[in-house]
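The chain below stands alone and is given as structure tokens, in the form predicted on its own.
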Amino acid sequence: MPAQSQIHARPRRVPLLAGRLSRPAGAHLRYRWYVPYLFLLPGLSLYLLWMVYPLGYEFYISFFDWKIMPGQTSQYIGLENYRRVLDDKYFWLSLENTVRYTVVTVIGQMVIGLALAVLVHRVFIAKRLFRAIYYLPVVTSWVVVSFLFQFIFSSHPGGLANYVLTQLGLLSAPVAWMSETKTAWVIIYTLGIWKGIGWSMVIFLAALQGIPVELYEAAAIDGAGEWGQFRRVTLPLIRRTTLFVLVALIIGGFQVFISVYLITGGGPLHRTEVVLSYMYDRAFDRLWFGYGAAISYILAAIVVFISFVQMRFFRQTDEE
């Protein structure tokens, strides 16, 4: 009994944590609202410094006849650069080439990428291996693959394409692939499609893996064949994924630059020029920085408009 009375006589200790939790919930919130922003500040500062500020300054430059040489004054000319761009026949030629490149490569990447995704989805052995093989071009540098294609389609007899085709008897003489406009575009289109089908395949494959197998079984019971299941089950269920791939590929198609610049340089006679290569030529080769900035903002406006129209169109279609 004495031991029990001593136990009950001991004062109860309240944990320090419990005392803290008993305080009002909003007592210290007014002092800590800034904590999340402190964690965001380093990344946000880099984004503002390297992205937002250059974009704003480039927009400012587009209203000037910008000079970079010491002692020269940049003259304010208002919208003159934009007017010159819209009156420039080579700009419209480069825009036409960019649109054509985008249409050809987007269709090629989506069709081939979806076909490969369906095939890989049906494979049970070494699925990861096939996925890695097809995705390998995506992670390869644009510079590396551009030089590789330049070597393959070299105009010299020692070029791989010319050598193979002449040995097979398909060509009687070597072809100047990059000196002719049509053959040069074949190289650029092929590189653009080959470089991007792996990305489209991975996105479509992820969407296909999310479709329940029961839907295909129900369609098969109703008498639908392989094509009927693909048309009535697969395509409707990957519609949003298709929209995402389409928008992303169109934006990427309008940003084509490295392959054109390294393979043809925009030649011959600006026939393979795209908007970004033409902008680079005006800004950094001729030092017309205000003119180049105006070209870049016109291209940005075109891309934003096309993306907006696509989103609205597919949204209305989904609602119907």
Partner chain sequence: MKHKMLVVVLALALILPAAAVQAQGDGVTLQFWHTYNETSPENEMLVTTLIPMFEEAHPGIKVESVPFPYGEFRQTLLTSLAGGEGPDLARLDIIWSPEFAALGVLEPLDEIMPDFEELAAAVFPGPLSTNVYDGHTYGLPLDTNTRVFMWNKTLYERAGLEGPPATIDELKAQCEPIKALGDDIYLFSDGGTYGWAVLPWIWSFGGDITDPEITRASGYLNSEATVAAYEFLAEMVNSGCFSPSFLGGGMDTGQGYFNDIFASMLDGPWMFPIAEAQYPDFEIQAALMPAGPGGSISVVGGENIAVFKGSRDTEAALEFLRFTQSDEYQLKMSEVGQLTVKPALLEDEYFQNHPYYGVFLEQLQTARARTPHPTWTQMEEILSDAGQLILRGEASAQEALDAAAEEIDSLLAEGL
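Numbering follows the first chain given and starts at 1. Fair warning: this is a prediction, and the values are worked out from it, not measured in the lab.
The form predicted in complex with its partner chain exists for this protein as well; it is not shown, and the discussion that follows is about that form.
Using a 4.5 angstroms threshold between heavy atoms, Gly265 stays clear of its partner chain in the predicted bound form. Remark: Tyr261 counts among the residues lining its partner chain in the predicted bound form, judged by a heavy atom distance of 4.5 Å or less.
Among heavy atoms of Arg286, some come within 4.5 Å of its partner chain in the predicted bound form. In the predicted bound form, its partner chain sits within 4.5 Å of a heavy atom of Tyr280. Residue-level contacts in the predicted bound form: of Ser172, Gln167, Gln72, Gln75, one residue has a heavy atom within 4.5 Å of its partner chain, and it is Gln72. Proximity to its partner chain in the predicted bound form, taken as a non-hydrogen atom within 4.5 angstroms, holds for one residue of Ser155, Thr140, Thr190, Thr242, which is Ser155.
Here the chain stands by itself, but in the predicted bound form one stretch of 55 to 63, 269 to 277, 247 to 255, 37 to 45, 269 to 277, has heavy atoms within 4.5 Å of its partner chain. Contact annotation for 170 to 202: residues with any non-hydrogen atom within 4.5 angstroms of its partner chain in the predicted bound form are Met178, Ser179, Glu180, listed in sequence order.
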